[in-house]
Each structure stands twice: as structure tokens, then as C-alpha cells.
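Just one chain follows, in the form predicted alone, and it is written as C-alpha cells.
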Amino acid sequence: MADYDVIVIGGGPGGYVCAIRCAQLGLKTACVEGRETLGGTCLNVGCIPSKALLHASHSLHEAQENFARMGLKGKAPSVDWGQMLAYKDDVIAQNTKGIEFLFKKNKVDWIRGWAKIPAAGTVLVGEETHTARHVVIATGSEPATLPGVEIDEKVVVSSTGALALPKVPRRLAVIGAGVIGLELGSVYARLGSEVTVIEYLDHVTPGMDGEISKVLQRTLKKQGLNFVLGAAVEKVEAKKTKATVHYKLRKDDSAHSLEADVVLVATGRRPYTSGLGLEALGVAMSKRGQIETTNWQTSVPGIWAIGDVIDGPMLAHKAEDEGVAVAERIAGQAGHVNYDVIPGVIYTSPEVASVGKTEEALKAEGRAYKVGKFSFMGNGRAKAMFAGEGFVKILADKQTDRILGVHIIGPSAGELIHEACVAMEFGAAAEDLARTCHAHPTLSEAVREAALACGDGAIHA
């Protein structure tokens, strides 16, 4: 008889959620995690610590720029970087300890160490062998880099190193204008760094709605971030206290260089499957290093995979949904994930959030659609918060009015997007949102006004 019904490998958002859901469904469950704390990249060196620094640096910006305008007079606060990092570490500790508590509450065994799968149904951790009817791989991802760019986590850093620099750099070069690069670039720009973002494409935030992308870049530029677009980084020369980034502009192949005290490599992430023994097992892999799955089942019976190691956006909440779905399938239920309604958020200021189709995608499909937009400048609550920059944009089917996509740049966009997610899960039309009463004064009224704009027109525009 197997030791467990399910062994989950990886204690990140996908893994720990899967383990807890398995236990809730009556399955004897263990989770293998080699870090000293649970929570994976997200809680330890990703989502949570970066949001702590974003919150702290945004609070500094508010004190410097807006307090006096509201009659809050006094000397602007100075930055104690050591204390800010201590605050960040405390936030991490609270969250990771919370996961450990949830494991105990749900009777999930935490097997400490790094796992290998010598055979289906068998997991080797150190010298100990454990058996299970089902094994779920949820080992996440690691930072990717470029040829000619070696990360030392001192001068040339990944997002992990950028969250624990010994001091705020005077000059920061960011390679990559995606979510990680823009969020951490924003943090250090607010703290006084001269930030330059170098991006291979001719626009920021690849895959985002084009109009939102342009507004975000323009807004961040006003906040002090410099952008070099259409630039191919060839190498980074690192010394003890500084580095030089060498790049060529794609439009004319001209060579350029940029000196910085720290270089942040934010060129995406890649699946982390090292040491699992998947090749010897015969687990099918894609050319991009992802585990190939059908309904989260790998090519080897009894072995499942979720999260960043499989196809799809590398998002913690996507991994969580997959973890729940796999647990329910193992328990004989009908686990399901709606990949068309997975929101994405960038926690800059203003925030950016989106769900569903972009205009570019709809045009490529040849689908007839209509657009409803509303600016936060027409929203009373936003203006009271000095947050009138940005807008809500709803894309709806031209014939049926069904909501196809929602894109927001503005205050609390990451919270506002979920009204759209719920509406889309139920197949709602823009008119359904427009006819739903929204409390006044709230930021969410901007979503309703954008929905109204899909019909006869917004009231406050």
C-alpha cells in the first residue's frame, strides 16, 4: 500500500494549494519542499516581497507629492533602506508561516528536501523513499537570462537579488520591459535611482492591449523611468561596483552602451524541472522545456503537472486554479480551469489589469467588436485621490454585446478587474454591467461607465 494518496512536489502557490485541496477532499497528502519556508518563489522572492516594496515606495511618493496638497504639512520622510527591507522580510515571514499553519490544520505532511522521481508512484527525498498513487509536479520557474549576460546577484541581478540589494543604486539598468522589470524599476525610481529600461521590442509589456501599453509607458516616463526600445542586449560587462550594458538598436544596427551600478535582468522566466529525473522517466517535454500535459496529466500515468512548468501564463493564480482542478480530478470530480478568464495585473502606479481578449487579438480573429471607454478623470473618487490618470476599456461583441475583454489602467485596477472576471464567467453582456447599481463614490463606477459607453454612452463623460 502506498504511503500517500498524493505527493505534491513544490510548496509554491500551485503546490501548496493543490496539497490543501487534496487533503480537504479526504486524500492522504504530502508536499515536498526544499526551501526553509513554504510559499515558493511567489511568497519568498517574488510576488509578496515585491508588493511590499511597491507599497512602501508608493507611500513615500504620496508623502513627497500629495500630502501637502491635502493640508498634511511637515518634513517629507527619508528612506531607511535597512528598515524597509526588514519590513519586507516581516511580510514574507507572516505569509510563509501562514502556509505552514494551513498544512498543520489540514493534516498535510511537509517532507523537507528536494525531490526526485525514480519511477511513477515513487518520490525520493534525500535518502528516504516515499510512495504515492499520484504525484503532482509543481516546481515552478526560475529567472531566465540572455547569452552574454551572467547573473551574479550582486551587480547583475535577477528579481531575487533586486529585492535584497545592500543599498539603493544611483543608476539602475533594467533589461526587459515586462511586468517584473517595470514593477521593480518603479520601486527604485521612487527611491531615487536613475532607472533606464532596455527592451528588445518597440513597446513595453509584450502581449498587453496596445493602447494600455502606450499610456503606461508614457506615465512611467513622466515618473522618471527612461526607455530604450528596439534594443538587442549583446553582453553585460560586470566589475565589482558597476556594470556596462552593451546593446544595438535594431532600427539601424548601431552600437551603444550604458553604465549602471546595478543591472536587473528581467527577461522572463523558464520552467524549473532540474533534478526530478523526468527524462529517464520518459515524461514528454516541449522544445521550450515545459512539461507536456493533457488535462494536467503527463505522458506517464499517475504523474501530473501544474503551474509554471506547463504551458500558459506564469501566474501564481493560474497555478492555484490548476492545483485545485488536479486535486478534484484525482478525487474523481470534474476539475476545470477557464483559461479565457485569467486576469493579469501590473502593480505599478497606476496599476494595470486585464482579462480576456485585446483589441489586437480581436482584429487578428476578424471578430466584430465595440469599445466602451471611460476616463478616471470623470470619476469623483479617483480625483479626490489624485488618481485621475488612466481609463477603463471594455471590448464587447458587436452583435451580442457579450464582454470579450476588459483592460484597466488606473487606481486599484488589480481589484477592479475582478468584477469583469465574474461577469465574463457568467457570460455577461456589457449591458448587464451597465444596469448593475454601483455604490457612489467608488472607483468601480468607472467600470460601469465604460459598460454604459458600449451602449448609448457614459453618463459622466
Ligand code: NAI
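The structure displayed is predicted, hence computed values, not measured ones. Throughout, we count residues from 1 along the sequence that is shown.
Below: the form predicted together with the ligand, not depicted.
Residue in contact with the ligand in the model of the complex (any heavy atom within 4.5 Å), chosen from V326, A138, A177, V263: A177. A single residue from the set W114, F227, Y200, Y272 has any heavy atom within 4.5 angstroms of the ligand in the model of the complex; that residue is Y200. No member of the trio G378, I408 and A453 reaches the ligand in the model of the complex with any non-hydrogen atom inside 4.5 Å.
Using a 4.5 angstroms threshold between heavy atoms, Y347 counts as touching the ligand in the model of the complex. Of the heavy atoms in T298, none are within 4.5 Å of the ligand in the model of the complex. Remark: A280 does not count among the residues lining the ligand in the model of the complex, judged by a heavy atom distance of 4.5 Å or less.
Using a 4.5 Å cutoff between non-hydrogen atoms, H55 does not count as a contact of the ligand in the model of the complex. With the partner left out here, the ligand still marks one of 121-129, 264-272, 69-77, 105-113 in the model of the complex; by a 4.5 Å heavy atom cut-off that stretch is 264-272. Taking a 4.5 Å heavy atom cutoff to the ligand in the model of the complex, the contacting residues in 215-248 are A231, A232, V233.
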